[in-house]
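What follows is a single chain, given as structure tokens, in the form predicted alone.
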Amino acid sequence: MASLDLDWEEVREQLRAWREDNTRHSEEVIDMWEYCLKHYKHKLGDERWMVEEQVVVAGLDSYRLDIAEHSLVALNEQFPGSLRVRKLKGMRLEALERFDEAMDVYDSIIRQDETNSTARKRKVAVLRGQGRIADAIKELTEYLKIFMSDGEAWQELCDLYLKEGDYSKAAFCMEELILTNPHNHLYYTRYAEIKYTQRRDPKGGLDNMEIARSYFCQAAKLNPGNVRALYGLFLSCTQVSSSTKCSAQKKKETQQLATWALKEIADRYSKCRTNAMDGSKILETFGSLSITEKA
């Protein structure tokens, strides 16, 4: 690789930038370390240990266990008994598919520090990777009792509930996210999609569809360029207006909203149309969708 000619200080700055951005670039990190920076690690000062940790994670991601283990040994010698290093040991056991041993490592970290969020998240990752969705849900629920403001954890829990087909609890997770970030159009869109999926519920099908319509509409207001929300708005309006329980006035208003959503979609596609599909084709395609959808 040509990185032999890289300036070691430039490489250090690049690795530092990736750490600050919380991005991995694992293969690039391995190449930069192996062909350049490891020969100058004595010049890094205390930053060397952050780089070594970065290299361990990159090595595990890339399954370059030889490189990961070398840096892990160096870290262990420098920081014996460190929980952070112990976590890396658990991740190495995961890479070796020694999941029970990895779980024991994470449990030992949690016993020593109940607020160690990383170890708890690693346990969830192990359980999910093994297909133990119910156990992963239980572990993540316990995690959120301590770290209630962790948006990524709520999204993960929502995903797990969806895998189990528990749409009501998945919707609850999205409600929590909307409360913490009421201006995120993606949260409104996903919540609306979950409610749309619940349209087959015999006890609240129409109610769920009206909720979906409302949240798709809000998502489109927050971000007029959200075509997914506009499409969902069109379909949910079609569902509501075709229901026998819908009043004549509500049906008229809903059909007008559906027509507006369809026009907005066609306008956006017409601006970036291709030879394969233009704005008029979009209208035709979406119009047929509204006919085939059933309440």
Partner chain sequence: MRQSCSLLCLNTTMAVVWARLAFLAGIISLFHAGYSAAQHRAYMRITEQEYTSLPTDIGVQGLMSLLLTMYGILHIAGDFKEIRANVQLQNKSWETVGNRPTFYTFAHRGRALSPNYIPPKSKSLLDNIENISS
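Positions refer to the first chain, counted from 1. Predicted model only: the values in this text are computed from it and were never measured. Just so we're on the same page, rigid core means the largest C-alpha set that superposes within 1.5 Å between forms.
Keep in mind that the form predicted in complex with its partner chain is not shown, yet the notes after this line are about it.
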| item | value |
| --- | --- |
| Stretch in contact, per heavy atom within 4.5 angstroms of its partner chain in the model of the complex, of 44-52, 31-39, 60-68, 230-238 | 60-68 |
| Of Lys138, Arg132, His183, Arg98, the one that lies within 4.5 Å of its partner chain in the model of the complex (heavy atoms) | His183 |
| Exercise: Asp201 in contact with its partner chain in the model of the complex, heavy atom 4.5 Å | no |
| Non-hydrogen atom contact Tyr187 with its partner chain in the model of the complex at 4.5 angstroms | yes |
| Non-hydrogen atom contact Ala125 with its partner chain in the model of the complex at 4.5 angstroms | yes |
| Thr118, heavy atom within 4.5 angstroms of its partner chain in the model of the complex | yes |
| Within 139-157, the residues that have a heavy atom no more than 4.5 Å from its partner chain in the model of the complex | Leu140, Glu152, Ala153, Gln155, Glu156 |
| Threshold 2 Å Cα movement between this form and the one not shown for Leu230, core superposed | no |
| Arg122 C-alpha relocation of at least 2 Å between this form and the one not shown, rigid core basis | no |
